[in-house]
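Consider the single chain below, provided in C-alpha cells and representing the form predicted on its own.
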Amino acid sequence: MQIKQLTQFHENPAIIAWWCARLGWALRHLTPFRRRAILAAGAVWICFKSTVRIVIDNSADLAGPADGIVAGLLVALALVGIAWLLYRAAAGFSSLPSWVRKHPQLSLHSIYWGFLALLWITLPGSGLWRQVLAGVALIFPILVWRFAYLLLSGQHGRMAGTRFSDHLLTLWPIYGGSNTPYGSGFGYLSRSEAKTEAELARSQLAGIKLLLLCGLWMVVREIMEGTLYGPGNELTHKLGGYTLAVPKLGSLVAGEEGGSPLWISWLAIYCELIHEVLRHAIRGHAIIAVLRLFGFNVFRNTYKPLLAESVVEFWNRYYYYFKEILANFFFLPTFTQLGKKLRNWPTLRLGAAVFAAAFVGNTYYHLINLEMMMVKGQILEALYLHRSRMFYCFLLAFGIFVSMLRQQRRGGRALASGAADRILRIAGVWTFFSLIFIWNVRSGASFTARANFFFGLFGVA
C-alpha cells in the first residue's frame, strides 16, 4: 500500500492541497485562457521557425526564384491560411457540401493529392507559386492528421466555444512530437483540461511523475546500451570497456555481424523490443508531461506494454496516439460502413476493419511520410522502399485480428490468473512483436535478408 501511495502521489489529496498552498498564486494566474494563449503564441513561433528551416534544408529540391527564407515565410503563411480555412470549415461543418460532410477525411487527403498532382504536371522552374506549393506539399504530411482531428471535431459538433488559436496550439505544438499528434486534436485535449486550481495541481503533479519516469527510463536505456551493446557508451568505459556484445537487430538482419550463435539472435530480437519500448516511452512521457504541466491531463502515449497479455492489449499500450489515428480514421469508418453489408458476417467485418487500419492505414501513414519522394512523384519507388514495412503491417494486422477474435470468443470469461499462465501469455506477446519487428527494424537489409534471418531463428537455412 505504501508503494502504491508513493507511485500515485499525484492522486494524494494531501499532496494536491500542499501544491495548491505553495503555488496557489501561480495556479490562479495560469487560467485556461492564459495557458492556451501561451501554447498558441508558441505555435506561431514554431510554425514559422520550423517551416523556414525545412524549406532551407530542402532548397536544392525546391528550386525556385526566391531564396530559402522568403520561400519559407511564404510557405508558412500559406499553411496558416490553409489551417484557418479548415478551421472555418470545421466550425461551419453543417453548411459544407453534402459529399464533404459525408467524407471529410477523404476530402482533406484529396487536397494533399491535388497539390501533388499539380506539382507532377508542372516544371520545377514554373515560378514562385510552384516553389511555395512544393513547400506546402512537403510539410503537409506533418500536419495532415492534425487537420484531420480538426475536421473530426467539426463533424462531431465539438467546435462551439473554440477559437482558431485553440486549435492552432495543436497544429504546431511547442511540446514537440512527430507526424502523430500527441494528445490528438484540441477536441480531445479540451475534455481533459483542468478548470480549477485543484485540477491543475493534480495535472501538474501527474506531469512531474511522467518526467521522473522519463528520467528513470533514460537511465535504464543507458544501462542497457552500456552493458549489452557494443561499442557501448560512457558507462561501458567506466566498466572497463566490456559489454555482453549483443548485436543490434538491424546489423544482424543485414548480415553485418557474421555468424552469430542462435541464442544470441534470439536475445537480440527481445532486446530490440525492449529498447524500442523504452525509446517510445521516453519521448512520449516527455511530451505528455509538458501537456499535463499546462493542464491537459491526457493519457500517456506508452503505458506498460511489456506487461500486456494479448497482442491487441500491447498495441493499445505501445503507441497510443498512433493507434488512435488508425482507429479513428481507418478502423471505425470501415467498421461502420460495412455494418449493413456484412451484418451476417461479423468476423469478416471485423477483419476488414482491422486490416483497413493496421495494414492499409499504417502503410499509407508511413508512405506519405516520405515527403520528398511524394513531392517528386516517386510513388513506386516509395512503395518498393517500404516493402518490408508493408509486410510488417500485414503481420501486425493479422496478429491483432486473431487476438481480437480470441478476445470475443472468450465472451468476457477471465483468463487463468496464475503467475505461470500470465508469464506464458506475456512471453507469447513479446515473441510475436519481436519476430514481426524483423521486418520493421531500421536497416539496409533487403526483404529477402530479413526473411532469411527469420527462418534462421528456427534452424532453417
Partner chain sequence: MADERQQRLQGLTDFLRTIQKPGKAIESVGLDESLVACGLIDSLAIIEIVMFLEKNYGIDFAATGLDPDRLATINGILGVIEEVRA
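Note that the structure is a prediction, hence the values are computed from the model and not measured. Residue numbers count along the first chain shown, from 1.
Heads up, the form predicted in complex with its partner chain isn't pictured, but that's what we're talking about next.
### Message
By the heavy atom within 4.5 Å rule, which residue out of Leu383, Leu211, Cys271, Leu350 makes contact with its partner chain in the predicted bound form?
### Response
Of Leu383, Leu211, Cys271, Leu350, the residue with a heavy atom within 4.5 Å of its partner chain in the predicted bound form is Leu350.
### Option touching its partner chain, based on a heavy atom within 4.5 Å in the predicted bound form, out of Phe322, Phe294, Phe331, Tyr365
If I apply the 4.5 Å criterion carefully, the residue I get is Phe331.
### Query
Among 136-144, 153-161, 218-226, 244-252, which stretch has residues with heavy atoms no more than 4.5 Å from its partner chain in the predicted bound form?
Of the options, only 153-161 has residues within 4.5 Å of the partner.
### Message
Can you tell me if Gln407 lies within 4.5 angstroms of its partner chain in the predicted bound form, counting non-hydrogen atoms only?
### Response
Yes, Gln407 is a contact residue.
### Task
With heavy atoms only and a cut-off of 4.5 Å, decide whether Ala414 touches its partner chain in the predicted bound form.
Looking in the predicted bound form, residue contacts with its partner chain include Ala414, since a heavy atom lies within 4.5 Å.
### Message
My question is simply whether Gln337 lines the interface with its partner chain in the predicted bound form - judged by any non-hydrogen atom within 4.5 Å.
### Response
Answer yes; at least one heavy atom of Gln337 falls within 4.5 Å of its partner chain in the predicted bound form.
### Query
Looking in the predicted bound form, any heavy atom of Arg191 within 4.5 Å of its partner chain?
So Arg191 counts as contacting its partner chain.
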